[in-house]
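A lone chain, given as structure tokens: the form predicted alone.
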Amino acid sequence: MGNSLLQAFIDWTGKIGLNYEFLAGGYEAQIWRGGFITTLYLIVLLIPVSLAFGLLFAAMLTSSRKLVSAPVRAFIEITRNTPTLVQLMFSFLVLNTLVSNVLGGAQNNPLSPFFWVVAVVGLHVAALHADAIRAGIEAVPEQTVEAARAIGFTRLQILRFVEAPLAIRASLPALVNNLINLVKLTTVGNAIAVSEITYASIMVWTQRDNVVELMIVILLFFSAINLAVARIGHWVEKRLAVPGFGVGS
């Protein structure tokens, strides 16, 4: 049944001038499906990684100790002022080589290209999250913080139970935009041969000369995922909205 539908799809698209015949071939179809799965895996992994580090960086940014906040501010400035592709190439070609040298050769280096994509893209988006959450923390009314301090909360407790929950609510629109950007940034893995969807598609179209067909699918694929991310983000915004405070109030 599945093969019949697939063949019907290939025949129908062939009539309108599109070549999806590779779907009927075992090896190329397998590479392409693997690309989809790798991209989805990257997205599922990168979202929590970026949010966790974003929250950590925001907490460090709002610290009154320069020794804590200054290194994070320097990292954020470098990260947001340089292209993600350059950061990835630098990390893979320079840092990864240094790690290999320290460990006595590439054969002893456990860090794969996939790891570097997760690390670089995750920290890049975390830097963007951090500034958004920091702005949210600074928007928390001083009276609210004073009230928490008056009942005996420590600085860490105020951050954890008062400022962070309110800041995340206020920062949600910016966080959702950052997550949409994160989905698109997974394609930089192509530069260091991580077999995500664009890399897999290139592997196919170099054999089949069907760039148009594959680009149509890639465009629809990322549009569908980012539409889902935006809709989920909007739903979360409405669920967490605090009347009288922040967006959605």
Partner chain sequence: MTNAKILSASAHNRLPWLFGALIVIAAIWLLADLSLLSTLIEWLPYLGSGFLMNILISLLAMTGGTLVGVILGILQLAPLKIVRYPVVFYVQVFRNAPHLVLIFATTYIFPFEIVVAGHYLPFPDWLKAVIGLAIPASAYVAEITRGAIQSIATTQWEAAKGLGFSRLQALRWIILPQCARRSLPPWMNLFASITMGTALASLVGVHELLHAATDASTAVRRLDFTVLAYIVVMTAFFVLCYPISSLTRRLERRLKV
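Remember, it's a predicted structure, so these values are computed and weren't measured experimentally. Residue numbers count along the first chain shown, from 1.
Another form exists, predicted together with the partner chain; not displayed. Remarks below refer to it.
The shortest heavy atom separation between residue 178 and the partner chain in the model of the complex exceeds 4.5 Å. The partner chain is not drawn, but in the model of the complex it has no heavy atom within 4.5 Å of residue 52.
In the model of the complex, none of the heavy atoms of residue 194 sits within 4.5 Å of a heavy atom of the partner chain. Contact check for residue 77: a non-hydrogen atom falls within 4.5 Å of the partner chain in the model of the complex.
Within 4.5 Å of the partner chain in the model of the complex, a heavy atom is found for not a single one of 30, 146 and 235. In summary, among the residues 56, 40, 68, 202, the only one with a non-hydrogen atom within 4.5 Å of the partner chain in the model of the complex is 202. Out of the listed residues 108, 157, 112, 101, 101 is the one that sits within 4.5 Å of the partner chain in the model of the complex by at least one heavy atom. Contacts to the partner chain in the model of the complex (heavy atom within 4.5 Å) from stretch 188 to 213: 188, 190, 191, 198, 202, 205, 211, 212.
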